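Next up is one chain by itself, shown in structure tokens, the form predicted on its own.
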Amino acid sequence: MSDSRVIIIGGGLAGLAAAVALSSRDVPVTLLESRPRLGGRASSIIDQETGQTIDNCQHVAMGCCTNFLHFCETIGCSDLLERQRELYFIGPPSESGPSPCVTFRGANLPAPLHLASSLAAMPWLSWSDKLKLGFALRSLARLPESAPDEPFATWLQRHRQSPAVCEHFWHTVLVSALSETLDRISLKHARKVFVDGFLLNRTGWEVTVPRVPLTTIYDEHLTSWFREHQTDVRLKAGVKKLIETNGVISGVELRSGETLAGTNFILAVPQNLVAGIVPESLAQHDHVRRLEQIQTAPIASAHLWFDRSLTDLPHAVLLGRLSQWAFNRGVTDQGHYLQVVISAAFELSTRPEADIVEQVSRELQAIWPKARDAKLLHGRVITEHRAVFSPLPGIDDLRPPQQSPIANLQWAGDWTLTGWPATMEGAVRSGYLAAENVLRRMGRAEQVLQSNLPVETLAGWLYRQA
């Protein structure tokens, strides 16, 4: 093999984004993935009882995820995604009757006024809460980038946010976006979600959901794209060690014993695997040693099949319940299929799977009256124990830039310093930034990273930092 190839280790979204960026620019790439499929955490499995392909977890992107959406356009899979211009919020359980459903949609007004009417329509928040919420959102947007980081719960308390608005607004949004609790989420990352997603541009909040199993996009579709672009993709090719020669990486040793030479390398594996792959000299560097301090959070996904339809809604955000977000996957040969996401699923680790399925099923049937006689045909729970890194205060001090201490080695992964939390957008950004560094080393100063959504005029005026 020519040693001019770029060798990318890891076939998750970060590695895939780097490979696509380089391959589309005619750079020879070899992509090594230890599993028999591409996609990393964005993957699917076959449910043994139903025989149906199901995702390990529902993955969604927001309109502000410009790099992820660009990645999908580049590989030609945008038609496999569906943008939701309405979200459906189901209010918390109430003894007085059914929980209200509020449709969250953007009005034909400039940001940030576009969402004001939807927030005002939420009956589970008092008018006093809504007023204080509006002031807090403005304060959050006007917060200087240099402001000291702190737990977001502390900031909310200082801005007089009631328990109700904390639980049924701030927590509802952030637990889905960051998979952590308010007392552990950093102010900096909470601000990122709300400002980029909801306040600066009318389309930033719109959610994009895959219409097909994840494996169809990130394995089957991408495999064809790589074949068309002469990208060398090797599955079941786990890397044992990076080989260092005279202070640079000269090759990789596979677990099979085979070695591959290259000029530039991108290591795109989960952060907990980095130390075991890099040379010993690099394993002791602060870039690598700090990775041990990064904490992670689990996300659980409950998959349920019923004998009849529970709802016609395509999805629903559920407040005040174990279930957080239900996605209606329609009618299959095995029944009416729903997937329910439970982020920050720390408490589920000690609970039996059947107990979780039963509670989720009861919650869904209690929300929609016509579903109360529905029979659960089958249910299972999949938990990604290290789904995301926990965005604790100071987390960015632990995240390295894409350029490693060795000139021809780049890091890629949502855990690298991207300015974003652990999202698909963060993963793609890291891959793009690593690719930019490789191109620069080749004498090609090309921009791969895509621009953010433009800040609308009114939002820019309202949120000028003091």
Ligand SMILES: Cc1cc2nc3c(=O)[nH]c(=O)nc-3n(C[C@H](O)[C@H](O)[C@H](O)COP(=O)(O)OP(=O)(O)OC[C@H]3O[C@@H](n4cnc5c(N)ncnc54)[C@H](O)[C@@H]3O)c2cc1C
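This one's a predicted model, so the numbers in the text were calculated from it and none came from an experiment. Numbers for residues come from their place in the sequence shown, where the first is 1.
What comes next is about the form predicted together with the ligand, which is not displayed.
Chemist: For the three residues 100, 326 and 367, verify that every one has a non-hydrogen atom within 4.5 Å of the ligand in the predicted bound form; reply yes or no.
Modeler: Spot residues vs the ligand: no contact at all.
Chemist: Looking at 435-443, 46-54, 33-41, 402-410, which lies within 4.5 angstroms of the ligand in the predicted bound form, counting heavy atoms?
Modeler: Heavy-atom contact with the partner occurs in 33-41.
Chemist: Would you check, heavy atoms only and a 4.5 Å threshold, whether residue 60 touches the ligand in the predicted bound form?
Modeler: Contact with the ligand, yes.
Chemist: Residue-level contact is defined here as any heavy atom of the residue lying within 4.5 Å of the ligand in the predicted bound form; does residue 178 satisfy this criterion?
Modeler: No, residue 178 is distant from the partner.
Chemist: In the predicted bound form, is there a heavy atom of the ligand that lies within 4.5 Å of any heavy atom of residue 151, even though the partner is absent here?
Modeler: No.
Chemist: Answer with yes or no whether residue 448 is in contact with the ligand in the predicted bound form, where contact means some heavy atom within 4.5 Å.
Modeler: Looking in the predicted bound form, residue contacts with the ligand do not include residue 448, since no heavy atom lies within 4.5 Å.
Chemist: Exactly one residue in 268, 185, 340, 318 has a non-hydrogen atom within 4.5 Å of the ligand in the predicted bound form; which is it?
Modeler: Spelling it out, the residue with a heavy atom inside the cut-off is 268.
Chemist: By the heavy atom within 4.5 Å rule, which residue out of 133, 356, 200, 277 makes contact with the ligand in the predicted bound form?
Modeler: So the residue touching the ligand in the predicted bound form, by this definition, is 277.
Chemist: Which residues from 111-142 come close to the ligand in the predicted bound form, meaning a heavy atom within 4.5 Å?
Modeler: Counting only heavy atoms within 4.5 Å of the ligand in the predicted bound form, no residue of 111-142 makes contact.
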